[in-house]
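Single chain ahead, by itself, as structure tokens, in the form predicted alone.
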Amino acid sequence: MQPKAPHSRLRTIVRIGAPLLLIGLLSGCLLPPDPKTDAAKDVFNLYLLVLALAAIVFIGVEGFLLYAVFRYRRKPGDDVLPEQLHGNNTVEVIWTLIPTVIVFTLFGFSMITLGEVNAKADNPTTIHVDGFQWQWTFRYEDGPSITGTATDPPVLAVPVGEPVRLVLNALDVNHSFYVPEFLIKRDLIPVGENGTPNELEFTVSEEGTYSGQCAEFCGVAHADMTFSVEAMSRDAFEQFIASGGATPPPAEGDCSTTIQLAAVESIQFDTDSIEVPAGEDFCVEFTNNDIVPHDFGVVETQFNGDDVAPGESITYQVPAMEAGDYTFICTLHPTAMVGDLSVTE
């Protein structure tokens, strides 16, 4: 019978090549995204250092293990125990010094990187970031306030090449500000009026749009808590401040019917049913008595009123509707704040 050398050789190639191919494919997932801020570049370099040291330790340890397996494997006829050694001062010093040097190297470079990440600039652009279930509000000093929705996430505009400081505060539960290209995650904690909120400072190095999200599980709609960072030139940033976030108030006309509606604490309306006449415009005088932004919308007509900050009021003018049963909601909290709207003849 002829030996199946070709098949054996093929199996050997597959057995060796498959793990190598898998390692090659996975190597593309070893590195984080390209850093887009000055601090992110320091974090990226620290990651490369940690990865290099880990690779050296892995190769060294696995190399010695494989060497020992093949060099000292039992051969046919070996019936005598090898020489038994009880301690070697030189080896013990070496395997104590190596991890000590690695730990102190990582500690030193980590402290340097941490100092760069936490460095404070003299005159940064300061933006207050409020996280709430389940969206974001970006408040610019002497500028607009922008609140997003699940269908229309907010845009955080920042000047490129200049330091930006974010003052991070949570209005209900813990959240986390995370942009993958910034390589830094910073938590938002509900510290209240007398607490000290977390801050995050960075300088974006390249113009562009970068996706962000909440990285702390904060409830059922956590996945909807997204935003984007738009890094732009100083001139474009000033134009954004001048016009981008300011939402004009709704036009107020003469309404023969005005409904009083309020948002109260614990993310709910003060009533779950309202009634208005059919065939004519009606007004909703909405007051936000909660600690997070809210608004008023009608599901069936896709009416979506402007967001109302905590403690403020607004009057919505809703176009005439045909008689029937409808649903009104807060579009920022569509599952928690919902009620019945009856339009009668």
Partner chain sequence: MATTTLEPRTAGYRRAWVLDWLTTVDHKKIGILYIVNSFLFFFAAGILALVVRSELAVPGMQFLDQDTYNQAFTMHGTIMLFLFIIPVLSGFGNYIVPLQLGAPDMAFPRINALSFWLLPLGGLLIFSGYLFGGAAAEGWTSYAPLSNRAEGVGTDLWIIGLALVGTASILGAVNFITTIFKMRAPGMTLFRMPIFVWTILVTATLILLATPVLTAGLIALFIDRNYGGSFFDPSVGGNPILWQHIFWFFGHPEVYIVILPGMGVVSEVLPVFSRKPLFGYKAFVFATIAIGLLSFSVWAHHMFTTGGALFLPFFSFMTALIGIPTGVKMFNWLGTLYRGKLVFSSAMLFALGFISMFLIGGISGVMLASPPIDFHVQDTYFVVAHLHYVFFGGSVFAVFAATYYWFPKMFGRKLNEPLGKIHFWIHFIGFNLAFFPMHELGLLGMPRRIADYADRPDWVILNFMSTVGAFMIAVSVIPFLINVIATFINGEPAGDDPWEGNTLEWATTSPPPPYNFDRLPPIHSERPLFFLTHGHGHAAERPDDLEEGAEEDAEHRKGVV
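Numbering follows the first chain given and starts at 1. In this text the structure is predicted, and so the values were computed from the model without any measurement. We call the rigid core whatever largest set of C-alpha positions still superposes within 1.5 Å between the two forms.
This protein has a second form, the form predicted in complex with its partner chain, left out of what is shown; the following refers to that one.
Of the residues I127, C255, A221, A236, which one places a heavy atom within 4.5 Å of its partner chain in the predicted bound form? Result of the distance check: A221.
If you check V167, V155, I259, V117 against its partner chain in the predicted bound form, which one has a heavy atom within 4.5 Å? Checked against the cut-off, the match is V117.
Non-hydrogen atom within 4.5 Å of its partner chain in the predicted bound form for each of F58, E92 and L106: Yes, all three are in contact.
Among 159-167, 119-127, 93-101, 269-277, the region lying within 4.5 Å of its partner chain in the predicted bound form by heavy atom distance: Only one stretch passes the 4.5 Å heavy-atom test: 93-101.
Closest heavy atom of E207 to its partner chain in the predicted bound form, within 4.5 Å or not? No, no contact at 4.5 Å.
Answer for R186 alone: is it within 4.5 Å of its partner chain in the predicted bound form, judged on heavy atom distances? Yes, contact at 4.5 Å.
If we define contact as a non-hydrogen atom of the residue within 4.5 angstroms of the partner, is I146 a contact of its partner chain in the predicted bound form? Close contact is absent here: in the predicted bound form, I146 is far from its partner chain, nothing within 4.5 Å, heavy atoms only.
How about T151: is it within 4.5 Å of its partner chain in the predicted bound form, going by heavy atoms? No, T151 is distant from the partner.
Within 55-89, which residues have a heavy atom closer than or equal to 4.5 Å from its partner chain in the predicted bound form? Sequence-ordered list: V57, F58, V61, E62, F64, L65, A68, V69, Y72, R73, R74, D78, D79, V80, L81, P82, E83, Q84, L85, H86, G87, N88.
Comparing between the shown form and the other one on the rigid core: C-alpha of P99 shifted by 2 Å or more? Comparing the forms between the shown form and the other one, which are aligned on their rigid core, P99 does shift its C-alpha by 2 Å or more.
Core-superposed C-alpha of D78 shifting 2 Å or more between the shown form and the other one: The answer is yes; the displacement is at least 2 Å.
Core superposed first: is there a CA shift of 2 Å or greater at N89 between the shown form and the other one? Yes, its C-alpha moves 2 Å or more.
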